[in-house]
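There is one chain below, alone, in structure tokens, taken in the form predicted alone.
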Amino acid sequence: MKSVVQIQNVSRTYWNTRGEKVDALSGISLDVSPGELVCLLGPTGCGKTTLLRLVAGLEVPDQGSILLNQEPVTGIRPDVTLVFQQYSLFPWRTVLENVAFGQEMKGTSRAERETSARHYLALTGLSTFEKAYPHELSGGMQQRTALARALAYEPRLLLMDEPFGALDDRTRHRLQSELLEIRQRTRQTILFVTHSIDEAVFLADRIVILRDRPGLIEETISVPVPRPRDRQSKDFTNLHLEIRAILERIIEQSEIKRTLTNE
């Protein structure tokens, strides 16, 4: 089975506002299979979002290559959609009009794009809110709208950058479950950035753990916990503790490295 995404020896360097060179990523290689949900997990500054932006075509790697369905990523593509933590909805458009926006940009007729939008509103539980405006929705419902809009683009790859990070625990857990239900129906391929071990273990088929400065893949874990996953189960807890120990080791090594560098 051919990979949807092939990241091959990718490195990225940039300069911060103080004029200092930052090695964001170094030698990253990763394949994502069709229908797979892969979580990128690691400490702040390890390059998770940078990697997502490279895959989205929003940035260009300094070294290496990224292929999407065997084609080089050289810029923004219509078959890749990125969902951010901020909802980025158009406040002057209704929920239906927001979700239909992608198809509108493709030149789809109004009847077709509204039919498609209503399909994804039903999929995300928003059918009764199609005439509402974003300011009339809760944070969770706004993020559902953003997800419906992303799905309505009918992307081959869905990129998600901490989409539930700003929500309370109850809402976040509910949206995580809904995302898995939607993914089961659509077989959507998803690359998902998170800081949360709990979220990664609950969602992922594989968890890719990155270390920081430069961002390197420390470990890749295929999640063995059967679905539907119970956060209280022994398997879930054991894997959570295993990953926490890996992250604590990474953070400790980074702190030692920074101390030695500053001496």
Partner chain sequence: MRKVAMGLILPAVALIIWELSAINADNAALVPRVGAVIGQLIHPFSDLMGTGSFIRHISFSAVRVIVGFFLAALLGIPLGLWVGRFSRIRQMVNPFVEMLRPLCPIAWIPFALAVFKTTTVADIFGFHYTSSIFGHIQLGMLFVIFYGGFFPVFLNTVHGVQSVKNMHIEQAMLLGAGRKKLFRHVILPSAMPSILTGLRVGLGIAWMVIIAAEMMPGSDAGIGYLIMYSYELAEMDVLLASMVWIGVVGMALGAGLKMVSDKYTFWQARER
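Positions refer to the first chain, counted from 1. Keep in mind the model is a prediction, meaning the values are calculated, not measured.
Here the subject shifts to the form predicted in complex with its partner chain, a form of this protein not shown in this document.
Every residue in the set Arg53, Phe84 and Gly107 has a non-hydrogen atom no more than 4.5 Å from its partner chain in the predicted bound form. Heavy atoms of Arg93 reach within 4.5 Å of its partner chain in the predicted bound form, making it an interface residue.
The closest heavy atom approach of Phe129 to its partner chain in the predicted bound form falls outside 4.5 Å. Residue contact check for Arg144: none of its heavy atoms lie within 4.5 Å of its partner chain in the predicted bound form. Contact annotation for Ser88: at least one heavy atom lies within 4.5 Å of its partner chain in the predicted bound form.
The listed set Leu123, Val73, Leu175, Val80 contains one residue whose heavy atoms approach its partner chain in the predicted bound form to within 4.5 Å, identified as Val80. Shown alone, this chain has one stretch from 189 to 197, 167 to 175, 114 to 122, 99 to 107 that lies within 4.5 Å of its partner chain in the predicted bound form by heavy atoms: 99 to 107.
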